[in-house]
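Next up is one chain by itself, shown in structure tokens, the form predicted on its own.
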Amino acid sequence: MEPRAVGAPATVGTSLPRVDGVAKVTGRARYLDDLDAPGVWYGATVRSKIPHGVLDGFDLDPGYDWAGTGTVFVTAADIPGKNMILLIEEDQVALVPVGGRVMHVDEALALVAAPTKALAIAACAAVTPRITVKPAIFTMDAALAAEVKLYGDDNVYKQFLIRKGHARDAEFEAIVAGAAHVIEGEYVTGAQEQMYIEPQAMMAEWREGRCYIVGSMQCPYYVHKAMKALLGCGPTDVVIAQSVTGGGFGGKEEYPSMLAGHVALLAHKAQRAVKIVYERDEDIAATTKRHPARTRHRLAVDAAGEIVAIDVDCVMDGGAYLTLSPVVLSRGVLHAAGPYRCAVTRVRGRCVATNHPPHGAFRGFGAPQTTFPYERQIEKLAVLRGEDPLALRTRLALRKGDSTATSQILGASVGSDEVLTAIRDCAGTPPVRAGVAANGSPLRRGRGVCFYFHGAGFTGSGEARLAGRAQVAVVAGGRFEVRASSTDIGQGAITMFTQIASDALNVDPARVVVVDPNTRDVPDSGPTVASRTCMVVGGVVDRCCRRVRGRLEAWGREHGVTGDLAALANAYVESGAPELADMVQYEPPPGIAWDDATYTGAAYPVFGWGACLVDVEVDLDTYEVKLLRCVQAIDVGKAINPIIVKGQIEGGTLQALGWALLENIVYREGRVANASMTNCIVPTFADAPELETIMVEVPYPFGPSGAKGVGEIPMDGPAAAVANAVSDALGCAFDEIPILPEVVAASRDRWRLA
């Protein structure tokens, strides 16, 4: 790499202050609810109160002044294009049509818009849907029995089968039968609410026949694709722009398309701007959550404790519509065998339809649900053999040259030894097992560890199909614009792109401007999901910047212009020459081969690796579990901005700890029964232990400066570490999360406290 210009020190690897930080902490950043168009109206959604039925029509209360207030009422009959929210399949409607099937409680049936929010709420209450009730499905077993058919003939949205080391089930069972020990277990993980700080929010306005939609979202081009179908318009007839977004965690990946459609329909009929900002109870009740899952796992080992076969059967509850269930299930099964050497594996996965509100993307999307079972199984193996849990994992871990369950040979950037060693070196003495609280309650303490991995980027050939693009342009004032549809949802993407571009261009970071994503001004760089923004799109930005730099320097030599790159850029713009910009498209690294038919080959270009240690304290009188310590060691390839990366790891860790101990979505007859922040609990600072974060850097040659994904991985492992620690404290298995006090109390007859 060429030496940097004077005054442009390298920024990658330093904790550059967040580019958007001052605006956010001072309140200057404008979220959707801060935005208003002239004469904006307010929308509200008429929702179903039953989980399954047929919509027969609507009754409008004549006591509400519909004409005097000018209130707009929109149904499926007002949709100009196809009544669908286009994503993977055409199964989810934007509004249930009269005569159509209602599939879940809180499904959108109709819309209203009025001059004030209070009037919109009153109008919504003045609409009574008439629905003929049908039998509903609320469990995965009932879905598989298929006595009530919600999707196809078997209620199975998607299924996958991975085989390694055998061709038929009989061959597999013979290998299991010959093992010295077979550990069997059934594991249940619950739904989880994203609880982003800003609820779902959108605003739409039509001007000169074109629809402009702005809102809180992760994926502008997902919304753009859905709106073209719903509104029956061309690609230039609808413009999608991201407003400053207060968190997403996957919850603003697919659902914003639904809300965007609703405000667009209302704005079209009202002929004025319309916004909808969900109240928290509506957001929790109606939007997507992490898929609940049940996994049956068999671990066959020989007399020396080597794994000879792994058998996994995972079922996920997809809810009422397909949404992103195939990609969630895919990632779940691809991680289900874990980061351990095994010549023979069989992994089966199914996602089924129920009459719960649809489940969708959530940080880790599928991998946390299958990491929990394999790490509980490995813990049981350690107990069976009387072997130190961390030493056992180190002995069995995948390393460079080993093959995964899909027969992918691991090459560069395999940080398994590094993360396990980091945990071992900082572990220290386990907590004293028995104790007494200040109030006299007896205590038991325990320690749990886990080891896990997470594929960075889209699965298999997904990145090649996405063909994500980014553009870098020279603009006035000696500045450079980075144009990409990757969004900053709080994870620091703007700052990360600034640092990558600054280093590649060899200019001061202040010379880099990251354009706010909108579909009119930026190319489609793919969705902001799957730990791909830094590794994949950041890599594209890096290449694009280097091409622009080369072109600009060549222009300077040709025209006798000297100075640093900023001076060249300024001179170029002032010369009146056409815009100097370069567009680069993602190219997969060499050696990536994937077979979608057999689900074998290189599932991901590279994996992140993680290890976690948790110490807990259990109060034997109140049955509360207290977190004493949590250490995460994560291989990030290269930390572009260490403080931001640390924040990502700690945020994901706390979400995982909450999923393990506190967060419990309660469904009753298909309805979210605890749809408020008073009883849909997420961890606060008071619940968090002192988080210890160890960033391990095993560079990935095809990531920008060696970086790879970090957003998803910290979510995957800590829940298993918590369950392992509670099991260690009380001497009995905890194979379902969340481990609530009532769960601990119910296990009392199994405690072994000696």
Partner chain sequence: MTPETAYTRPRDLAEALAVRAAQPSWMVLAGGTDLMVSAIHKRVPAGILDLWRLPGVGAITEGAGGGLVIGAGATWLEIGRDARVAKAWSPLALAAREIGALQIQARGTLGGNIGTSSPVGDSLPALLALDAEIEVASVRGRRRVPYAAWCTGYRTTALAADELIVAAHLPPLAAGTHLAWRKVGTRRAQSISKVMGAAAMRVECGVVTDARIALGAVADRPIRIAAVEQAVRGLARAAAAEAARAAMRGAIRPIDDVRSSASYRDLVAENLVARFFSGMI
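All figures in this text were calculated on a predicted structure; none of them were measured in a lab. Numbering follows the first chain given and starts at 1.
Although not depicted, the form predicted together with its partner chain is the subject of the following passage.
Stretch 678-686 is the answer when you ask which of 450-458, 599-607, 137-145, 678-686 has residues with heavy atoms within 4.5 Å of its partner chain in the predicted complex.
Although the partner is absent here, E624 sits close enough that one of its heavy atoms falls within 4.5 Å of its partner chain in the predicted complex. Taking non-hydrogen atoms only, N674 approaches its partner chain to within 4.5 angstroms in the predicted complex.
A residue is said to contact a partner when one of its heavy atoms sits within 4.5 Å of a partner heavy atom; G440 meets this definition for its partner chain in the predicted complex. Interface residue remark: V301 is not counted as part of the site for its partner chain in the predicted complex, having no heavy atom within 4.5 Å. For the candidate set A122, L662, L398, V584, a heavy atom within 4.5 Å of its partner chain in the predicted complex is found for exactly one residue, namely L662. Residue in contact with its partner chain in the predicted complex (any heavy atom within 4.5 Å), chosen from P9, P741, P17, G731: P741.
Taking a 4.5 Å heavy atom cutoff to its partner chain in the predicted complex, the contacting residues in 591-621 are D619, L620, D621.
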